[in-house]
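The chain below stands alone, shown as structure tokens; this is the form predicted on its own.
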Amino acid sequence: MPSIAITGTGLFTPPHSISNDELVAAFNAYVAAENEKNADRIAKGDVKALEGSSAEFIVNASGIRRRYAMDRAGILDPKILAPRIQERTNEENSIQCEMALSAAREALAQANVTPADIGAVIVACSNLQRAYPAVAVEVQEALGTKGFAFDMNVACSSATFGINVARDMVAAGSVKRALVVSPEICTGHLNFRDRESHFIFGDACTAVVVEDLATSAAAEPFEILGTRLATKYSNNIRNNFGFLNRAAPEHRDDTDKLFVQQGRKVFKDVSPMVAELVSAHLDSLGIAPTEVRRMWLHQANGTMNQWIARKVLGRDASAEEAPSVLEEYANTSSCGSIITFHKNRTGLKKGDVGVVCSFGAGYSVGSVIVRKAQ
């Protein structure tokens, strides 16, 4: 098999940042209004009073301090508590396409290739704004790439699963180069009225160029030594929004049409699943844990990442070995591990090995083991 590499990455960061204090102020204003509205029912014991949130609670629960969003005003309005993003005409670039173009152009420049050099575009993300035409085909048209394009969704593991697909296509000779783009507007499916999860997500978009290392003109390619994927069905992270909701309109606005999770169960189930898969993947490639210089993990929860890194390495990982972008970006679904890789791959020398790993709903886990080639 030819040596396939990640030769460029790109990142689009939305224009608006929201701090924990700002988010909590909006949430607590909503809680106060709801409790006042239901005061009589609460006094009678018919309704349970809503509990306020705090910035300290958010940091302790997740490690998150801020997040970026495509809209700020709607999220911080206690009467709305949701992003407000104007719908575009069919003749305009969609918002996900616009995000993808920004990240893709940076990735192409880093890989030292042009749009005409790309043979396939994969838009891999948790939520797509429409069923068809594929957002990937729209990106292909707007960017000016060749070949073909398609969308795929494996929730938070979408980017690493997309890299796996891209690697296999390049290795098989289907295309010379592929582009994996993950435009995530996670705030669109987040329930900002739920104390347990209103702080979890932010928005972002990443892009990754995958190509044959032998023909790469990139300055700092990372050879893909191997990929490994796993899925296991679970209802502990779920979103029931879909086109069939209109067929049951009495449930169309139920809370399960937004992001819902059983956080403690997810931690208990997913953490060992990830650690075992990454450890087995390294072992299958003859790589000892002591050889791993960097772990770019999915950015969902700081405690979870520390636990996984400890299990894989056999010791606590330093901030350099298992970097985090949670404080600034929050959970950006499939973008998380790629943002971490994009921002934290300096300081490595030729031959150093690292792990890009994402995990989440499904359950799903994607592991991409790379080695700095130059």
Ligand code: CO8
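What you see is a predicted model; the values in this text were computed from it and never measured. Counting begins at 1, following the sequence as shown.
There is another form of the same protein, the form predicted in complex with the named molecule; it is not shown, and what comes next is about it.
Of the candidates G10, G354, P14, G360, G360 is the one whose heavy atoms come within 4.5 Å of the named molecule in the model of the complex; the others do not. Residue N301 is the only one of N301, Q140, N164, Q110 with a heavy atom lying within 4.5 Å of the named molecule in the model of the complex. With the partner left out here, the named molecule still marks one of 72 to 80, 114 to 122, 256 to 264, 101 to 109 in the model of the complex; by a 4.5 Å heavy atom cut-off that stretch is 256 to 264. Site residues H189, R195 and F199 are all in contact with the named molecule in the model of the complex, judged by any heavy atom within 4.5 Å. Contact annotation: S54 falls within 4.5 Å of the named molecule in the model of the complex, judged by heavy atom distances. When the named molecule is considered in the model of the complex, A155 lines it closely, a heavy atom lying within 4.5 Å.
Using a 4.5 angstroms threshold between heavy atoms, S126 counts as touching the named molecule in the model of the complex. Under a 4.5 angstroms non-hydrogen atom cutoff, the named molecule in the model of the complex lacks L225 among its neighbouring residues.
Looking at 220 to 249, the one residue that comes within 4.5 Å of the named molecule in the model of the complex, counting any heavy atom, is I237.
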